[in-house]
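This document starts with one chain, in the form predicted alone, laid out as C-alpha cells.
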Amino acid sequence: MADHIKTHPEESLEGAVVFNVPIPTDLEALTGMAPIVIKYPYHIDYVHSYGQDSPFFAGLANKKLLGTKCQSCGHTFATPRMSCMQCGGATKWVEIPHEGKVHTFTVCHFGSEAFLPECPFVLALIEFEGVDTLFLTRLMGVDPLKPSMDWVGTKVKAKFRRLSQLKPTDVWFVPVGS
C-alpha cells in the first residue's frame, strides 16, 4: 500500500479524552446504564461584517463615542441608526459626549460565556445631554452585590480598552471621580 494512503485517523489529545468508561459484562444491563456526559471544547471562527455600524467600532478603537443625528428633524441617537426612527430621514455620524448620567441599571447574575467571569455585573442605560436616546453599557466602579437606587442620576464617564477588540465591550462607564 502507498505510504500516503491513510488507514486510520490521526489521534490527538485535543477535545474530550476518555479513560475507563465502564460497561457491564451483561449486555442486558446496558438499558439501565446512566448516560455518559462530557464537556467538549468547541471552537468556530465566525466571520462577519459590521457593515453600516463600522464607524461606531472604529470610533471605539479611537476612544470616541459615535452616534447619529437625523439630518431632517435633528433627533440624536446614542446607539447609531442609519435612518431616523422618528421621521425616517437620513442620519449622519456625530460624536457624543464621554460623560452622562445613569438613567437606570440592572445587576446581571448570569451572562453569556464572555461575561461569566464578571458575574455579577451591572448593565446601565446612560443618558447624555443633547442626545435623545440611551446607551446600554456596563457600569463599573460600583458594587454589584450592594445595588442602590442612589446610582440613578449618578454622573458617569466613558472608559475605553487600551487595546480595542472591536466589540461593544470596548467601552464601559464609571462614576465621575473613579
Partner chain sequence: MRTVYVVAGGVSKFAKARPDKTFQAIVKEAYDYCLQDLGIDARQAFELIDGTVASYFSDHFQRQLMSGIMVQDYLGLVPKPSHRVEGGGATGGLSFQEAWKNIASGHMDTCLVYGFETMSHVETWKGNEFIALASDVSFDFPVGGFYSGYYAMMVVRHMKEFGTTVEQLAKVSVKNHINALHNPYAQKRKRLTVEDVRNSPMVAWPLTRLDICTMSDGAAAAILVSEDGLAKMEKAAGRRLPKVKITGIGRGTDAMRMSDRPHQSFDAFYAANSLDNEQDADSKAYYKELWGNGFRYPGVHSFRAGRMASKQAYKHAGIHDPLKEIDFVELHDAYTSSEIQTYEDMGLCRYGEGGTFAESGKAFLPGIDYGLDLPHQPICPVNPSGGLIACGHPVGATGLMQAVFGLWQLQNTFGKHLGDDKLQVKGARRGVVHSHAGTGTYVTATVMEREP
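Definition used throughout: the rigid core is the maximal C-alpha set that superposes within 1.5 Å between two forms. Positions refer to the first chain, counted from 1. All figures in this text were calculated on a predicted structure; none of them were measured in a lab.
The following text describes the form predicted in complex with its partner chain, which does not appear among the structures shown.
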* Would His103 show up as a contact with its partner chain in the predicted bound form if we use heavy atoms at 4.5 Å? -> yes
* To do: Would you check, heavy atoms only and a 4.5 Å threshold, whether Asn62 touches its partner chain in the predicted bound form?
  => no
* Given that the partner is absent here, does Glu113 sit within 4.5 Å of its partner chain in the predicted bound form, heavy atoms only? -> yes
* Asked: Is there a heavy atom of Ser72 no more than 4.5 Å from a heavy atom of its partner chain in the predicted bound form?
  -> no
* To do: Tell me whether Cys87, Thr91 and Glu129, taken together, all sit within 4.5 Å of its partner chain in the predicted bound form, counting heavy atoms only.
  => no
* Structure fact -> In sequence order, the residues of 129-157 that place a heavy atom within 4.5 Å of its partner chain in the predicted bound form are Asp132, Thr133, Leu134, Phe135, Leu136, Thr137, Arg138, Pro147, Ser148, Met149, Val152
* Does Gly130 show a Cα shift reaching 2 Å between the shown form and the other one after rigid-core superposition? -> no
